[in-house]
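Below, in C-alpha cells: the form predicted alone, a single chain.
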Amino acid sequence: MNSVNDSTETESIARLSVTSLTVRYGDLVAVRDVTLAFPDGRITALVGPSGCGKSSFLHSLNRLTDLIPGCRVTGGIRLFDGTDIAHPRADVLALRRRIGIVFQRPNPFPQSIRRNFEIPLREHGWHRRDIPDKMETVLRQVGLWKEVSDRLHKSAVALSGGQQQRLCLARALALDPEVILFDEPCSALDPIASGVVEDLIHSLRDRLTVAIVTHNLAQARRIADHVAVFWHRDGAGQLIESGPAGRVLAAPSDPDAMSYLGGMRG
C-alpha cells in the first residue's frame, strides 16, 4: 500500500467540524475543548496513549455518548450542510445513518447474516424487496460475498473474527454514510485479518470521510491523510497537535507529540 500522507494538495472542505468540544462523565472531564475539522474524502487518524479521550471524542461524533448515564457533551459538532449534531432535538436515527461506526471488537447481531442487513435497512425505511441487492453490493465491496453467499441464513457470529469485522463494515456501508468512524478496528484481529480490514479502510478514501482511532502508529503512517494527536494534560484528554499526516508524523511541534510519535513516550 502506498502512503498518501505526504500529499501537499489543496485541502478539501470539512465534511465534519468540531468546535470547543468537551466530554464529561459526571465530575470527570474525559475530553476538554477540542476543535478539529475532518476533510471530506480523507482519512484522519486520532492517535495518542490510552486514557487520553480518543474514543470518548469519537463516540460523541454520532451521539453514542447519549447512551452513557451521566455523560454530558458540550461544544459544537456540525456536518458540512450545517446540521447541528449536538442539538438536543437532532434526529439521532438520521444522524447515525449519515455517520456510521465500526468498533474495536466485531459486533454482528446474533442472528443470520441476512438479518444483519434487514434490521438496520428496514429501520431506515428500506423496502424488503430492495435489501438483497444492497446486501450483495456491500458484501462484495468488503470482499465477503464469495465467502458467505451460500450461508446467508446462518448465524453471523459463526464467522471468523476478520469476517465479522468485514460484515460490520458492510452493514455500516449499507446505509450509505457520509462519514464513517473506526474505533481501533484492527486491534482484536490477527495480522492477516488486520491487513485486510486496513486495506478496506484505505479503499474508502475519496468516497467517504473517515476518522480512525488507532494505537498503531505504523498503521497511521500507512493510511492517514491527517493526524490528530491527543494527550492527557491538566486532568483531561486534549488535542495537542493536528494537521497533514506528513508534517505531523515527521516534524511535530508539540514536545509531547514529538516524544510520542518518536517512540520515546506513550
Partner chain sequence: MSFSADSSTRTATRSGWADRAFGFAGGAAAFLTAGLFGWIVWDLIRLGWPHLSWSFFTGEVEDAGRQGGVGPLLISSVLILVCCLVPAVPLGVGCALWLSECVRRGSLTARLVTGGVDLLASVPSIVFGLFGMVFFCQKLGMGFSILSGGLTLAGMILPILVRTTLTALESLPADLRPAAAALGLTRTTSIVRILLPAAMPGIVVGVTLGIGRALSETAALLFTSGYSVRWPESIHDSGRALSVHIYDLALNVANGGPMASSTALVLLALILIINAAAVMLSERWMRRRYHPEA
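Note that the coordinates shown come from a computational prediction; the quantities given were computed from them, not determined experimentally. Positions refer to the first chain, counted from 1.
Keep in mind that the form predicted in complex with the partner chain is missing from the display, and what follows is about it.
Annotated contacts: R96, F109 and R115 all touch the partner chain in the predicted bound form [non-hydrogen atom within 4.5 angstroms].
Note on the interface: of 72-80, 135-143, 186-194, 164-172, the segment with non-hydrogen atoms within 4.5 angstroms of the partner chain in the predicted bound form is 164-172. Between the options V179, I131, L152, V157, the residue in contact with the partner chain in the predicted bound form by a heavy atom within 4.5 angstroms is V157. Within this chain, I85 is remote from the site of the partner chain in the predicted bound form, having no heavy atom within 4.5 Å. Under a 4.5 angstroms non-hydrogen atom cutoff, the partner chain in the predicted bound form lacks L204 among its neighbouring residues. With a 4.5 Å cutoff on heavy atoms, L64 counts as touching the partner chain in the predicted bound form.
Looking at 111-126, the residues that come within 4.5 Å of the partner chain in the predicted bound form, counting any heavy atom, are Q111, R115, I119, P120, E123, H124.
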